[in-house]
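A single chain, nothing else alongside it, follows as structure tokens in the form predicted on its own.
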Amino acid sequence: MEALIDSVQVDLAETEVRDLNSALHSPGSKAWRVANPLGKHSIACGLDAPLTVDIDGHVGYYCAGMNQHASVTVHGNAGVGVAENMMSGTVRVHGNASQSAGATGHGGLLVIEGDASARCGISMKGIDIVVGGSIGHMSAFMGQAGRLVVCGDAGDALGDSLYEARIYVRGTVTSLGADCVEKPLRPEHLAELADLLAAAGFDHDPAEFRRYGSARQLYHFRVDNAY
């Protein structure tokens, strides 16, 4: 891959992650390229400026966590909790992601070009997540707001205890969680989905997807459920 023009080059085989993150939080260059991440944890966390960070390799836990405004690209796979509690900006993983991708995210766009493991989008609060492949079980568990788009298949208990997050799946769903139901795919949803797919760089036909959301039955106290 060609280096970004005027980008700062950092080699994590020689530099500590703590020092890299400190430099990313200091005024200076807006473009960074990180070599030899070697699966290290917490790379590019807590960014709060419009930076561009390209990471050439696989990353460990919580890469780009709490991201605001920055654009972070992982040219490899990501460990647990990539883009956890993301607020804004863009995080893209060119490979696969482990569990809890985009967990508790409030905003921004997370794109995973490969597969995502269990609990993708758990407790999402406004983030948009687009997965090019499939996702594991309990994804979007307690999802409160935002959109989860899955171009492949979804595992068990999709959308369990869902609030108002919207889920679109192109492939098969193993099972739906408590209070998650299939809903009609209306014109406004097709338009929304087309925009999300375009932003993520995928060219699937929105009409190939199905929409899932909350049946809103868990909102209400039911005396029969009391013990």
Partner chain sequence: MSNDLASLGLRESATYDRATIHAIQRAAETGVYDIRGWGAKRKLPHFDDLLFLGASMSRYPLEGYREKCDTDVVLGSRYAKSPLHLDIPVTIAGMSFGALSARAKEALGRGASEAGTSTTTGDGGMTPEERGQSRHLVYQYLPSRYGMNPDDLRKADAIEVVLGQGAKPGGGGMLLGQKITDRVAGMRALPVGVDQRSACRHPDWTGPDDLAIKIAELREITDWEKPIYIKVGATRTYYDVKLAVKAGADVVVVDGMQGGTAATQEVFIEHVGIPILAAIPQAVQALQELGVHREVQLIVSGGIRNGADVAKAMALGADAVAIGTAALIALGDNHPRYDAEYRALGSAAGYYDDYQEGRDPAGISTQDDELAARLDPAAGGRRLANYLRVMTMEAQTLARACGKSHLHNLEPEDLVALTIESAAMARVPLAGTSWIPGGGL
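Keep in mind that this is a model prediction, so the values were computed, not measured. Residue numbers count along the first chain shown, from 1.
This protein has a second form, the form predicted in complex with its partner chain, left out of what is shown; the following refers to that one.
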**Prompt:** Heavy atom within 4.5 Å of its partner chain in the predicted complex: which of A35, L196, C45, L51?
**Reply:** C45
**Complete:** Students should find that, of N85, S71, S98, S134, the residue having a non-hydrogen atom no more than 4.5 angstroms from its partner chain in the predicted complex is N85
**Item:** Candidate stretches 197 to 205, 27 to 35, 159 to 167, 184 to 192 - the one whose heavy atoms come within 4.5 Å of its partner chain in the predicted complex
**Value:** 159 to 167
**Message:** Although the partner isn't part of this model, could you tell me whether L176 comes within 4.5 Å of its partner chain in the predicted complex, counting any heavy atom of the residue?
**Reply:** no
**Prompt:** Within a 4.5 Å heavy atom cut-off, is L12 in contact with its partner chain in the predicted complex?
**Reply:** no
**in the predicted complex, R119 touching its partner chain (heavy atom, 4.5 Å)** = yes
**Message:** Check T90 for me: does it contact its partner chain in the predicted complex (non-hydrogen atoms, 4.5 angstroms)?
**Reply:** no
**Request:** Scan 56 to 90 and note down the residues that get a heavy atom within 4.5 Å of its partner chain in the predicted complex; none is a fine answer too.
**Result:** Y61, Y62, G65, M66, Q68, V80, E84, N85, M87
